[in-house]
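One chain is shown next in structure tokens, namely the form predicted on its own.
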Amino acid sequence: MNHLVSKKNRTLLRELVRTDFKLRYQGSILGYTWSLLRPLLMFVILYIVFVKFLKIGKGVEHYPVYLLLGIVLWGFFTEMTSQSLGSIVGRGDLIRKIKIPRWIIVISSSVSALINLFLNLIIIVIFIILNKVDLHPSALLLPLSLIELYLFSLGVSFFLAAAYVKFRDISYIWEVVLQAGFYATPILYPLTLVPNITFQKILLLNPIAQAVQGARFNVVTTQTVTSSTLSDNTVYILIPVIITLVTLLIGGLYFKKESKYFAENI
């Protein structure tokens, strides 16, 4: 019986992801290509402004790849949480008509974002080849950074999706949080530009920052500042991981609690 339910859920998940992709790019001339062009266009603008004019990336080895990887990973977090935020409300008709697991709607949004992430990682591989980045065996650790980023994003997504059903102002608040988070996370600038090592340590308590810096360290350049290079304290290094798991737990529990009332509140 559990096998049948699992199979049914997988089929439903596949259909939700397929529908999400069709609706997202419906009426667009370039269609799915926008999922690749968006981070590239943002990269070009930021590279010209912050590198050519402000000289922020000066001295960072393979900075174009360094910057693009950060933009892609932050873009994944932004896309996944923003899409998930309105996912339950957007599927209101479906929820009222059919009895389905509510969580699968949020998961479908996360899978859509994951597909875009993997497509963008192909672009990064091309940049790695063009910039002649020497890959080391540590590049095999990249999935660990991606898993941390995904789990943290999933926890936030569950919380936002459930909260948005009751509080529609959440979408405006989240836009502000994302803007602030983009600059508080070392996406554009190398962490070495932050003069105080204590501030560097505080910034790296952010699971997104740890995931981004870890990915850069393992794939682009070992000059990247990470939690491990700042401190050999195991507890400090594990704090972002603990925050990730706590966020996932709280988000999941809050979503489960509120899911009972989705149909009547949408």
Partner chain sequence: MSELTPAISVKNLNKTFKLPHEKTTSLKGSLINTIRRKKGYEEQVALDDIAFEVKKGEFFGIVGRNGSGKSTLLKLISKIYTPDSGDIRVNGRLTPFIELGVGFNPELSGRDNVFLNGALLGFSRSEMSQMYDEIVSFAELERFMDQKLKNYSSGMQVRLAFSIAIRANSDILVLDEVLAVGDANFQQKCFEYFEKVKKENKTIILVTHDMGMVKRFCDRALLIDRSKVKEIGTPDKISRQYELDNLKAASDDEKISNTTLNNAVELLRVIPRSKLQLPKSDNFTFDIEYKLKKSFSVEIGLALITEGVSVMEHNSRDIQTPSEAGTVHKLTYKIPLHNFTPGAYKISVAIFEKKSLDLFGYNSGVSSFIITGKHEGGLVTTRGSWVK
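Bear in mind the structure is a predicted one, so any value in this text is a computation, not a measurement. Positions refer to the first chain, counted from 1.
Not on display, but discussed next: the form predicted together with the partner chain.
- Using a 4.5 angstroms threshold between heavy atoms, Ile147 stays clear of the partner chain in the model of the complex.
- A residue is said to contact a partner when one of its heavy atoms sits within 4.5 Å of a partner heavy atom; Thr19 meets this definition for the partner chain in the model of the complex.
- Residue contact with the partner chain in the model of the complex: Leu12 places a heavy atom within 4.5 Å of it.
- Using a 4.5 angstroms limit between non-hydrogen atoms, Leu121 is distant from the partner chain in the model of the complex.
- Residues of just one listed stretch (190 to 198, 97 to 105, 135 to 143, 153 to 161) have heavy atoms within 4.5 Å of the partner chain in the model of the complex: 97 to 105.
- For the candidate spot formed by Lys58, Glu61 and Asn131, no residue has a non-hydrogen atom within 4.5 angstroms of the partner chain in the model of the complex.
- Contacts to the partner chain in the model of the complex (heavy atom within 4.5 Å) from stretch 228 to 266: Lys260, Tyr261, Ala263, Glu264, Asn265.
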